[in-house]
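First, one chain by itself in structure tokens, the form predicted on its own.
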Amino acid sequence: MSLSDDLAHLQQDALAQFAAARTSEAVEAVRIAFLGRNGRIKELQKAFGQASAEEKRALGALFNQCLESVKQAHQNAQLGLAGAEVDEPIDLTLPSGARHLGSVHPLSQVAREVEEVFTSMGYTVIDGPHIEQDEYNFGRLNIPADHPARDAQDTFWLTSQGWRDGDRLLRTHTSAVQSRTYRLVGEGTLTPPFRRVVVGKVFRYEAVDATHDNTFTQVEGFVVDKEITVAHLVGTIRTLLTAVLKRDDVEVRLRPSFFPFVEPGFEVDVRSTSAEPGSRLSRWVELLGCGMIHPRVLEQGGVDPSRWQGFAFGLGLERLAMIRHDITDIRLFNGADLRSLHQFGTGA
């Protein structure tokens, strides 16, 4: 029998045995018999090496074809076994598994509504870095290093190589985005008038209880334009609360207060004239701080206060959501109790 006949017989025998193998052990046994270190192909390879140069030229392509065919048969046998193991019978009479729909977090839900209200009034939604510089978080907001107002904002300070100790911190309010915006005016990349709103996380070193948290969400709105008055501020707040609290009986009360970056400054209380007795909105509830932007803050960013005025306000989104959903504990928002969160979320 010639070498070419041996190759044809080996190929035919290998393909038949791989096709007949029904287990992984049987496939492996056939592989060893034909492709192993001492397999039949190795024996023919030795015989091929002893053939003359003329025979090698004539049989080289045939030998390679035989080898590739056996290897392909081995791969097909493995794929066939894998498919047979995966494709197990399915009992179509079994009930399907229960599907649990997710929900939008109550803070995300209220934040989306707040942004929609402000964009409808011509505001641009922006944000800034959570890791802030002292210059923007305090300095450009009329709060120098020795100002007592810093005592009211216990702060997470950060240190890093290449920065002065105490120069970086986790932002304590979204007002830092205000000072960054005014800097753009000074650089010539932004020109008043503009209306902007920020919805983002802020951080305070505070004891956590039912009404305080060290991480919370703040909404900061500010407008710079000509002939802006407190009346514009009150109208904006009324529009926001009417839309988010979904009631048109909200009363707004301003009380004089001090914030270094506004003059004059106010605390804003709200209540509802038709709220059920004993509910949160049946009495005055402190909601936010606001005021007319301090001229010195505008000057720090290169905005001429003799030409431009504006107002700014900041409120805690958690407090707004607590009033909206009558929640009594702020820790619910950052907690992991899905039973509570699902009550206030909407299907997503």
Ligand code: PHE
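Just so it is clear, the structure is predicted and the values come from calculations on it, not from any experiment. In this text, residue numbers run from 1 along the sequence as written.
This next part talks about the form predicted in complex with this ligand, which is not shown.
Three-residue candidate spot Thr217, Arg324 and Gly335; no residue lies within 4.5 angstroms of this ligand in the predicted bound form by any non-hydrogen atom. The single contact residue among Val70, Ala312, Leu317, Val30, judged by any heavy atom lying within 4.5 Å of this ligand in the predicted bound form, is Ala312. A heavy atom within 4.5 Å of this ligand in the predicted bound form is found for exactly one of Phe203, Phe118, Tyr136, Phe261: Phe261. Considering this ligand in the predicted bound form, the lone stretch of 172-180, 73-81, 223-231, 96-104 in range is 172-180 [heavy atom distance within 4.5 Å].
When contacts are judged by a 4.5 Å heavy atom cut-off, Pro295 does not count as touching this ligand in the predicted bound form. For Gly289, a non-hydrogen atom is located within 4.5 Å of this ligand in the predicted bound form, even though that partner is not displayed.
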